[in-house]
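As structure tokens, one chain now follows by itself in the form predicted on its own.
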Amino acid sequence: MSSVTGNKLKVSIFGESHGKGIGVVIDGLPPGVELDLNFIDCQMKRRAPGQSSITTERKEKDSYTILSGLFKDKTTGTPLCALIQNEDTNSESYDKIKAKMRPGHSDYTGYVKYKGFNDYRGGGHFSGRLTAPLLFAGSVAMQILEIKNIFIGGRIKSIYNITDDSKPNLSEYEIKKLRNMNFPVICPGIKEEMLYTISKVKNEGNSVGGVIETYVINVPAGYGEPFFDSVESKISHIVFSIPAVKGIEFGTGFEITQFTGKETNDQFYVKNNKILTKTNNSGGILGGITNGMPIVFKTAVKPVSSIACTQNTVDISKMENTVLNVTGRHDPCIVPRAVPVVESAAALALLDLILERDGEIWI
């Protein structure tokens, strides 16, 4: 199983949803970086379950233990390993339906690939639970990027068919403001409408998805390794590892096909001896390389697959058709908790590219 990503900065995650614990090993961090554990705690809390009526009732504090790679609050340059204990597992409901393949989940594909030896409880290694160690790693990467004045933040662009069309003010202040919101939207009035929709589908035993828009500011021009390690390729590679992600687009994305080249080309100009573009349809990336403008991308998150509605499926032990009602504790919408995870994915991808070009001494 390929649970390792990165070239200069290698990140490996391990564990299962209902196992004893989950964790991450980060190899390639620069030595001497002082980590703010309070910042990591705040990021972890943004993703943690059981904090509101629209999240799963599973109670996990996501408290972590750093086993190696940190000495006197500074990175040593050797592998940094963090372990997160699973404290609130309830596997009984999964034992009852282990032969029934849950629609939308990895039950069937995991069963086939690993010949029935996969851990089916809560999705096992395929679970969104594994985004906790990914978020930990990204929180470390974000702190290193902020030393270079690079800031990452995201917002909920849409939930179901409700869209926040407000334009962001891409400043350090606004990005930090979004990160401090438990339901990050730019238009205040849209929040209640989105929350109402999520609560409604929850009461119906159903789920909804949405779109996350992520921003990265102050990345200098010149980072990216075309063709196969372009900025888009690196970010997409990690973002698509997040369970429930089904799409990604940069800048204007698919909508760019509705315009002409004259309308969509980002024209250059000089201001204060710095090259900028009048628009940012490219999302801060040209030829797979950063151009100095904010990196902007959207991530499509599908509706949660675990729903209480009756669904058709198969009993793989009997090879016969059957029906399934999924029970247990599940989110009606994973989008709010996924925002910091997508931010972390972007941070890991960009730090890897920066370390590749600048080396370990760049800090």
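The first residue of the sequence shown is number 1, and the count goes up from there. Since the structure is predicted, the reported quantities are computational estimates derived from the model, not experimental observations.
Keep in mind the form predicted in complex with another copy of the chain is missing from the figure; the text below concerns it.
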Close approach of D165 to another copy of the chain in the predicted complex, 4.5 Å, heavy atom: no
If you check in the predicted complex, is R329 within 4.5 Å of another copy of the chain, heavy atoms only? no
Another copy of the chain contact at G224 in the predicted complex, heavy atom, 4.5 Å: yes
Whether L286 contacts another copy of the chain in the predicted complex should be assessed with a 4.5 Å heavy atom distance threshold; does it? yes
In contact with another copy of the chain in the predicted complex (heavy atoms, 4.5 Å), from 184-192, 165-173, 138-146, 76-84, is stretch 76-84
Residues C42, S93 and A349 all lining another copy of the chain in the predicted complex, heavy atom within 4.5 Å: no
Candidate from S63, N38, N325, S68 lying within 4.5 Å of another copy of the chain in the predicted complex - any heavy atom: S68
Within 115-154, the residues having any heavy atom within 4.5 Å of another copy of the chain in the predicted complex are K115, F117, N118, D119, Y120, R121, H125, F126, L130, L134
